[in-house]
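First, one chain by itself in structure tokens, the form predicted on its own.
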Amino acid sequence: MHVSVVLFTSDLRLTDHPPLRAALDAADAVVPLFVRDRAVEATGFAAPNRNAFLDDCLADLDSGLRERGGRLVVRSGDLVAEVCRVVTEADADEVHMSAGHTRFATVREERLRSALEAAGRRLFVHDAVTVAVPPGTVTPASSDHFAVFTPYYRQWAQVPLRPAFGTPRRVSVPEEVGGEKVSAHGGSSEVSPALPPGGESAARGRVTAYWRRGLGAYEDTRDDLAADATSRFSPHLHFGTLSPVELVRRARRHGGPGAEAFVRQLAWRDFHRQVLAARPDAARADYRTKHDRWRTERTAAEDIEAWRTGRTGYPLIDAAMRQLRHEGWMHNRARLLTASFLAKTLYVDWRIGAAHFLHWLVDGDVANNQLNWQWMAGTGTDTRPNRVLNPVTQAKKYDPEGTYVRRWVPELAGVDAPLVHEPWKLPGLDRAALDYPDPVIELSDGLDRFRHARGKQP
């Protein structure tokens, strides 16, 4: 009997899964395998929210496989060693997996290839599984990657997408290959109270609902903080319970300004991946250094703690940081504002903010997280690296009635707009009655410090 192994990584779905389809086409039986890689835990990337969401994804994947006569085999340990053990136990001829685009993923892939080849087995790596357009597919004439989004998007939009595959009807798994028990997460004090459920079933339910009610208005509502009108697909894209190729294809068939704006955001996701694939050091080091002498954990401890806990005195910033802790997620507009505030208004090293986001975000993703932080810090691909977002003017624009702020900052529940965004301007007794801090810094002072640090004023 010809057996193949499908190694699931960041592609925890059955629908539109090229490695699974190829394995089923090539073999009589397939071992669907997921390895809880101890190396991921050693990096600190396995944060509580993502671990909990992962448990849900694995349980849902196992359930979907069982409905088709199969099951998910879960192992823990060194990924290469565990895959090789499963290959031996199943007497498998080949392994299929999705391509990764971080340095960690590509190094791990090469280790696995070498180990399998030494054992006389083959590794097949499939692209366009976790991205719509793989890194390196489109490049400018003078470089190995695009550093500006708009010309990248023009070429990205012209790339023919691979076909989107359906869900397999049956998956046969050899009985002799065993694994660990698979179950959804049971909750923990370390996990955000309102963490969304993981898994392909939840993802596809969200797609159905959003396509019906939200996609058409996406262009007009995506920055409306109070409306909460974004898709919230990002955790599912991160864990691969949704296919970017399928989403782009479906959005294009839907058509209209909302769908076009939605596709553009998926292109941004691919853009960051092609930057990181070409410049893996950008996960830690400035993509374009400005020779900043950032304030650190030691020199800005009080400001950093106020930012982390949502007690900066700027209501929109505090609302966003509290949403992050409660849901393990934050609205994209709020991510931009909180990042600008920490890196530019408080002049704190962007890596401190990026690490905090990675701890809490269920969609915490090296490419998107680190490169968006660099974008806002002015050390990344932003063509206006010295722009500073004003949290008050932005709040009045994207939360004009103060609904978002009052949702997350109950201390200000009785304050009407526009003063809900500037509570320090309330009359004396009204201000004194609020259990809410004064601003940690005057915005003008923060702007002056940043401009001086960047050599933009004396």
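In this text, residue numbers run from 1 along the sequence as written. What you are looking at is a predicted structure, and each value in this text was computed from that prediction instead of being measured.
Beyond the structure shown, there is the form predicted in complex with the DNA, which is absent from this document and is the topic of what follows.
*Asks:* Based on heavy atom distances of at most 4.5 Å to the DNA in the model of the complex, which listed stretch, 299 to 307, 70 to 78, 137 to 145, 161 to 169, is the contact stretch?
*Replies:* Among the listed stretches, the partner-contacting one is 137 to 145.
*Asks:* Taking a heavy atom within 4.5 Å as contact, would all three of Phe149, Arg288 and Val388 count as contacting the DNA in the model of the complex?
*Replies:* Yes, the whole trio is in contact, each within 4.5 Å by some heavy atom.
*Asks:* Counting non-hydrogen atoms within 4.5 angstroms of the DNA in the model of the complex, say which of Arg206, Arg333, His359, His185 makes the cut.
*Replies:* Comparing distances to the DNA in the model of the complex, the residue within 4.5 Å is Arg333.
*Asks:* Scan Arg121, Arg249, Arg264, His326 and let me know which has any heavy atom within 4.5 Å of the DNA in the model of the complex.
*Replies:* Checking each option against the DNA in the model of the complex, the one that comes within 4.5 Å is Arg264.
*Asks:* Looking in the model of the complex, any heavy atom of Thr102 within 4.5 Å of the DNA?
*Replies:* Judged by the heavy-atom cut-off of 4.5 Å, Thr102 is well away from the DNA in the model of the complex.
*Asks:* Thr221 near the DNA in the model of the complex, any heavy atom under 4.5 Å?
*Replies:* No, no contact at 4.5 Å.
*Asks:* At 4.5 Å between heavy atoms, is Ser114 in contact with the DNA in the model of the complex?
*Replies:* So Ser114 does not count as contacting the DNA.
*Asks:* Check whether Thr383 has any heavy atom within 4.5 Å of a heavy atom of the DNA in the model of the complex, and answer yes or no.
*Replies:* Answer yes; at least one heavy atom of Thr383 falls within 4.5 Å of the DNA in the model of the complex.
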